[in-house]
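A single chain, nothing else alongside it, follows as structure tokens in the form predicted on its own.
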């Protein structure tokens, strides 16, 4: 048992800093590196990728990260826990195996946690009377069954901890809870049981603080002007103890900021009912969390209380609901706002005259009121403005037609139009989120460990 157990998170989403994992590995002592790549919409993107290429469907950035730091991880004994497997765990594993081979590495144990993907089981489940009703509307899943592109259960930390118990140096999962990536190493190292509710709750709070990467070390912080050296912002590290207490910190010499206020802001992230924060592993009472300063860029968290897990898992389902397209024009010179308004009027009128109507349209004046509406007064002089127009519709041809109307305005509309680049706006698929619950008895998590 390691104490304190140092767990760092180097990715808050797919697209986060490509340098953060290496900086964590090289910047000071850590025992575990977690890498969180998945959001709700990411699963539908990965399923689309897999449908086009059977070898795709996982976070390819993960393999590039591992190519850079793999030897150092082995040398320093740092273990990795990630959900980079997405919807294609086998391909992710094979890509990692090839990377290890390229680097001359062998004897590394890889844990693969599967069982979260329900897409191929939906007919079976619905046929057996499982409704998977929408948690918000109560509608049955059968209403959208034909348009579903992904369906994944949020598995908890237990299966990832099992992989670590079986000797895995790297654990690759699909859709698991974000907090579970941090909780799993604690369960493994400290021997916490499924009935240690307060301890599991503490580990869940630690995972909740780490899951968004640098958002807990000064990123997205209200008092942003107090944050030093954003360019070198340090990513978060938890120093965890067997009793459930832990300290949030970062490597010395890095930018960013950690104090009670920055931690509090992250604690409130995606918070519903604070006394009843439900995960696959336990229920947490966030009202019990105690914060205290523990030195420069160190905050100690303790006193966390929790209760038993529910008998259901949450299911993240995405379904296709149509097409969208958007494009922008920069309009400059005198009377920029009036000209932008006229440009929007011209485009919508031309489309209507051509017989095109849309389920939804959007007109925004970026730099003026697109974010905050009429909260701020209109400035007396606006020298330039970006007009952004968008449409949504089930008819792809109609959305394509919209994309052909922006460029002509450069020569057949008001003067001062520029900034049109990237070609015509093209239709993009739209996916809607369908949250549901499923009895845990109907889900079959699987763990295997292979040596590469």
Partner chain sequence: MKRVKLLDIAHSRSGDKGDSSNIGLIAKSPEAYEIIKNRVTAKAVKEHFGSIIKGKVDRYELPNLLALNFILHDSLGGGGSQSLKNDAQGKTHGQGLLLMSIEVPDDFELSKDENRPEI
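Numbering follows the first chain given and starts at 1. Nothing here was measured: the structure is a model prediction, and the numbers come from that model.
This protein has a second form, the form predicted together with its partner chain, left out of what is shown; the following refers to that one.
Chemist: Looking at the partner-bound form in the predicted bound form, is residue 375 within 4.5 Å of its partner chain by any heavy atom?
Modeler: Residue-level check for residue 375: yes, a contact with its partner chain.
Chemist: Against its partner chain in the predicted bound form, would residue 354 count as a contact residue? Criterion: heavy atoms within 4.5 Å.
Modeler: Looking in the predicted bound form, residue contacts with its partner chain do not include residue 354, since no heavy atom lies within 4.5 Å.
Chemist: Can you tell me whether residue 431 touches its partner chain? I mean in the predicted bound form, with a 4.5 angstroms heavy atom cut-off.
Modeler: Residue 431 belongs to the contact set for its partner chain.
Chemist: In the predicted bound form, does residue 289 come within 4.5 Å of its partner chain, counting heavy atoms only?
Modeler: Yes, residue 289 sits close enough to its partner chain in the predicted bound form that at least one of its heavy atoms falls within 4.5 Å.
Chemist: Which of these stretches, 271 to 279, 174 to 182, 194 to 202, 74 to 82, has heavy atoms within 4.5 Å of its partner chain in the predicted bound form?
Modeler: Of the options given, it is 271 to 279.
Chemist: Scan 221, 154, 190, 93 and let me know which has any heavy atom within 4.5 Å of its partner chain in the predicted bound form.
Modeler: Result of the distance check: 221.
Chemist: Only one of 403, 390, 419, 414 gets a heavy atom within 4.5 Å of its partner chain in the predicted bound form. Which one?
Modeler: By the 4.5 Å criterion, the partner-contacting residue is 390.
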